[in-house]
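So this first bit is one chain, no partners, the form predicted on its own, shown in structure tokens.
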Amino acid sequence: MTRPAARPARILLADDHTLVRRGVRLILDSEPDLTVVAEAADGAEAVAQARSLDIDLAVLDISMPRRTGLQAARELARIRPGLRILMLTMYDNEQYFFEALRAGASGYVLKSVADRDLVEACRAALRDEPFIYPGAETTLVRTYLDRARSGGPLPDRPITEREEEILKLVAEGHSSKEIGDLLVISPKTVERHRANLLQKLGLRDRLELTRYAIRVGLIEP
């Protein structure tokens, strides 16, 4: 008796560039064991989709409007702890790599070589194995994950997750009222967070906050 084939892994794909999503979808849907069942254009939409859909893997761009892929990954790790997460990025940057691991991702794929690495990375993530773009040491990944799982000390973050959310939305040009509505907090609380950000980062105004947000990859220039 022939055993029925296992169903393909169901993937949520999030990227704010339609052409990128289309290309990545073509790569994934051409594989018999992978299928894209949902797409999102920003991190907030990705979280909403993951709440309501049966998915096995989320492939998230790091830089997206409203909520970055890293912010979305943190939320998904909280609300869907069994969900595998893979980061897709144009940045060959060690800081982003470690932030991705901290956020709960098991892999980090460069867009420039997605046609070569993405399928392998998806399969590794679904096996709960770490994946990193060639050139970095897998042992480094395993050491970091072991430290994180055992409660060992991790590198300090310069700002809190909430401050990061505020920073991103300020840099995108949202008013305090708009930010308050998006995050369900008062405009006064937004202003307090903004003042704390300026003080912590040694910056003077919205323009400098925006430059900082670009530098650390929260928004694209």
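When you see a residue number, it is the position in the sequence shown, counting from 1. By rigid core we mean the largest C-alpha set that fits within 1.5 Å across both forms. Predicted model, so just to flag it, every value in this text is computed and none were measured.
There is also a form predicted in complex with the DNA; it is not shown, and the following applies to it.
The closest heavy atom approach of residue 206 to the DNA in the predicted bound form falls within 4.5 Å.
Heavy atoms of residue 175 reach within 4.5 Å of the DNA in the predicted bound form, making it an interface residue.
Contact check for residue 55: no non-hydrogen atom falls within 4.5 Å of the DNA in the predicted bound form. For residue 35, no non-hydrogen atom is located within 4.5 Å of the DNA in the predicted bound form, even though that partner is not displayed.
For the candidate set 28, 44, 167, 185, a heavy atom within 4.5 Å of the DNA in the predicted bound form is found for exactly one residue, namely 185.
Annotation for residue 22: C-alpha shift under 2 angstroms between this form and the one not shown, rigid core superposed.
Relative to the superposed core, residue 42 undergoes a Cα shift smaller than 2 Å between this form and the one not shown. With the core held fixed, the Cα of residue 57 is displaced between this form and the one not shown by less than 2 Å. The pair residue 194 and residue 14 is at least 3 angstroms farther apart at the CA level in the predicted bound form than in the present model.
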